[in-house]
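Below you will find one chain, with nothing else, as structure tokens; this is the form predicted alone, and questions on how it binds or moves follow later.
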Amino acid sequence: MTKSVRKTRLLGSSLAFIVIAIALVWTLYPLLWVVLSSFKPEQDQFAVPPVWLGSEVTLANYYQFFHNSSFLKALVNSTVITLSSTLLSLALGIPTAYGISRFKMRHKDAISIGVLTIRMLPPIVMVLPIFLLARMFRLLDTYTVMIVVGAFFSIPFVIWMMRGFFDEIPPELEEAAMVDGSSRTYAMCRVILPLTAPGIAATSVLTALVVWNEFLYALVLTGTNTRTLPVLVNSFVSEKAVSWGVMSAAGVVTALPLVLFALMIQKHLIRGLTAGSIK
């Protein structure tokens, strides 16, 4: 390898490192600000110049948030809605993606684009119709409406993600299983799904992330019985003041479960995201 080639590769690696570092700083700066603010007393929240290090560390913001009477209920509500919506989305989206990938049908691409259109719609467009339907069927302030809404917007994403993974697996694998006497359903469950486990993990995390952080529909469709954590965080904004420290602590607590979940399946998540990028 010549010296000029080594210099070129070193320069390319250095430029890539600089671009990645800038992207990380740009992305993580707001999160760092929230985390640090959650440990700051009120007088240091908007100090000029900003107090990054050396500020008095306090747990008062977390104490106030955890002692909110609605915290535990909101945590349970968010957990139930997220798990249920994610499981329902996977249960309906994975077989649909498999069918689109494996079976020959007319206008397959048009069907796929039609499914994706639902996901592309601005959420605000569907708020009023969904609210009126929920009121008509007396589903306001229930788990049912939030689970159905979460699945409604997540299923198109699941279909598009999982179709890419199914397309990468040779159909000969399940055909061989069916030659040995297995049904297509058995071949899909025992042969194909284990091979797409990284894709299912990545899809599950991204779907759960969207449902967990849903605010607009949760604000409109929930009440005192089913209020979720994002709506509870918003309750610290009042007409008289904004409790920035408590909101920061609430933001950290709200994000922590999904961060831990993603770290637990990090290996499968990275494999799924990289595999799904190849069509």
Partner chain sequence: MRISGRLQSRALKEKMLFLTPGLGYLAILFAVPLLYTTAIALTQWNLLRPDLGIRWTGLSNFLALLRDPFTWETLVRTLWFVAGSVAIELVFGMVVALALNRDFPGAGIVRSIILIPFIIAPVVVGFTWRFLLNNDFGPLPYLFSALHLRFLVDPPLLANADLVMPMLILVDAWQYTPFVVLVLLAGLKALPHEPYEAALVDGAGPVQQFLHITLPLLRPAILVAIVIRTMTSLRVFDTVFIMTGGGPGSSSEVLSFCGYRMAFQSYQMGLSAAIGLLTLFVALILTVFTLRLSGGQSE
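The model shown is predicted, which means the values in this text are computed figures rather than measured ones. The term rigid core refers to the most C-alpha atoms you can superpose between the two forms while keeping them within 1.5 Å. Numbering follows the first chain given and starts at 1.
Separately, the form predicted in complex with the partner chain exists; it is not shown, and the next lines address it.
Chemist: Please run the contact check for residue 33 against the partner chain in the predicted bound form: heavy atoms, 4.5 angstroms, yes or no?
Modeler: Although the partner chain is absent here, residue 33 would touch it in the predicted bound form, with heavy atoms inside 4.5 Å.
Chemist: Does the partner chain come within 4.5 Å of any heavy atom of residue 129 in the predicted bound form?
Modeler: Yes, contact at 4.5 Å.
Chemist: With a cut-off of 4.5 Å between heavy atoms, is residue 135 one of the residues that contacts the partner chain in the predicted bound form?
Modeler: Residue 135: yes, in contact with the partner chain in the predicted bound form.
Chemist: In the predicted bound form, is there a heavy atom of the partner chain that lies within 4.5 Å of any heavy atom of residue 190, even though the partner is absent here?
Modeler: Residue-level check for residue 190: no, no contact with the partner chain.
Chemist: For the partner chain, considered in the predicted bound form: do all three of 100, 111 and 119 come within 4.5 Å of it, counting heavy atoms only?
Modeler: Yes, each of 100, 111 and 119 comes within 4.5 Å of the partner chain in the predicted bound form.
Chemist: Heavy atom within 4.5 Å of the partner chain in the predicted bound form: which of 148, 177, 200, 74?
Modeler: Looking at 148, 177, 200, 74 one by one, just 148 meets the 4.5 Å heavy-atom criterion.
Chemist: Using a 4.5 Å cut-off on any heavy atom, which residues of 80 to 98 would contact the partner chain in the predicted bound form?
Modeler: Contacts from 80 to 98: 88, 92, 95, 96, 98.
Chemist: Superposing on the rigid core, I want to see if residue 228 changes position between this form and the one not shown - specifically a Cα shift of 2 Å or more.
Modeler: It does not, since the residue 228 C-alpha is displaced less than 2 Å between this form and the one not shown after the core fit.
Chemist: Quick one: core overlaid, is residue 254 moving 2 Å or more at the Cα between this form and the one not shown?
Modeler: Where the cores coincide, residue 254 shows only a C-alpha shift between this form and the one not shown that is less than 2 Å.
Chemist: Residue 212: CA shift of at least 2 Å between this form and the one not shown after core fit?
Modeler: Not so; residue 212 is displaced by less than 2 Å.
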